[in-house]
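Here you get one chain, nothing else, as structure tokens; it is the form predicted on its own.
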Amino acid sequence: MKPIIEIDHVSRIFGGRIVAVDDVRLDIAEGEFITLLGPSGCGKTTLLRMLAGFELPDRGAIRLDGQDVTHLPPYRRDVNMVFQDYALFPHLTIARNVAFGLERLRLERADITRKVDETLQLVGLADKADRMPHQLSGGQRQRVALARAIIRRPRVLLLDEPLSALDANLREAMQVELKHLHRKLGLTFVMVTHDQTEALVMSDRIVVMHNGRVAQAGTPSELYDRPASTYVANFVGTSNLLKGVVSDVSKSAITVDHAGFKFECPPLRSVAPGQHVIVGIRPEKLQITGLVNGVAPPANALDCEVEERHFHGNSIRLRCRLSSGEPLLCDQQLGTTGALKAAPAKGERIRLAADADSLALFTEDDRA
């Protein structure tokens, strides 16, 4: 199926030397909820603004429904944008804010009223039509901005950090609302965020950006379970990254030595004995198997000392230290009232183990 958006080797350079977006190639399917994820300065917002028409590429092309829109102004593209600060008109009622775009098209008043009523109903604000923006909560103002953006039913809805101004509880509720709205409308959503949890919860596919390039694109589970680089492993979730040397390669496993410990990793990388690599382990994949008892640990097990315990409500994070001096994080779920008391104490030596399938292996080339 032909994608609705084709980003074809697009670059944007500011001042002739600052590369904001560097040769990005990306296709977006119709009806997809895709998120551009990365830290400040990675190029995600610049890329979104080029899709909207607020920035023009220095190289490459952008196509919408097969039409080259690279140099078309925003008003000639069938897209709309929800801004980070909502950009509502403070002197207009909620209904007038939502109707603004249709009024500029000089549609019949009855058609405008009907569409405004339908759209406010869709976002749960039908009873707020006559209010002013300052009379609404942050979450309600966000929904007004969404209503104004979707009333014309654009082919693509662009969202620039849409939930960043909300508090934690409201933000979580709006994540669910946005996902429900996406399903109801069937529009293509392209969102920018630096919040990994937000991206994992809401997206069909995530594009992780780094230094203006696409570091990895995939479903939330693909990025979390099989990150392509140490950068992705640490940006999408948290990972323990331990340096080691390949000691054996077989059809069933790649064996890696790290300071006397041994890992047996899935054979998903092309490596050779003697090669320096990095083993990635998610903190929640480590399980306590008992106290250190003087017996050498088996493969994929690590002996360490607990340095700190941090209570996270439904889990406890153990900050440990290996004999090699490397730090190690381990997350343990707290299923019962007494589980916290039973968790290892500071200074206690413990053994942690992980399943081979939960390990990720990175080469030196995968560190960027």
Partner chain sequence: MIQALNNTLFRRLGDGVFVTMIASILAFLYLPVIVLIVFSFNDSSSLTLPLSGFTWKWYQSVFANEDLLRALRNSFYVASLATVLTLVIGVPAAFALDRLNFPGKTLFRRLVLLPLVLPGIITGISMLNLFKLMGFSLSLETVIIGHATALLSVVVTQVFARLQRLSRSYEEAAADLGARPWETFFLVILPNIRSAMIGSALLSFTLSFDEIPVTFFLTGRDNTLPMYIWSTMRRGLTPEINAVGTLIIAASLVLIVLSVSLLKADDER
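Only a predicted model underlies this, so the values are computations on that prediction, with no experimental measurement involved. Positions refer to the first chain, counted from 1. For clarity, a rigid core is taken as the largest C-alpha set superposing within 1.5 Å between two forms.
In what follows, reference is made to the form predicted in complex with its partner chain, a form of this protein that is not presented.
Judged by heavy atoms within 4.5 Å of its partner chain in the predicted complex, the contact stretch among the candidates 103-111, 275-283, 246-254, 191-199 is 103-111. Only one of the listed residues (242, 232, 265, 81) places a non-hydrogen atom within 4.5 angstroms of its partner chain in the predicted complex, and that residue is 81. Though its partner chain is absent from this view, in the predicted complex it lies within 4.5 Å of a heavy atom of just one residue from 130, 117, 222, 85, which is 85. The closest non-hydrogen atom of residue 49 lies within 4.5 Å of its partner chain in the predicted complex. When contacts are judged by a 4.5 Å heavy atom cut-off, residue 290 does not count as touching its partner chain in the predicted complex. Remark: residue 74 counts among the residues lining its partner chain in the predicted complex, judged by a heavy atom distance of 4.5 Å or less. The closest non-hydrogen atom of residue 90 lies within 4.5 Å of its partner chain in the predicted complex. Every residue of the trio 54, 148 and 152 has some heavy atom no more than 4.5 Å from its partner chain in the predicted complex.
In the core-superposed comparison between this form and the one not shown, residue 251 has its Cα shifted by less than 2 Å. Core-aligned CA deviation for residue 103 between this form and the one not shown: 2 Å or greater.
In this overlay on the rigid core, residue 94 has a C-alpha that sits 2 Å or more away from its partner position between this form and the one not shown.
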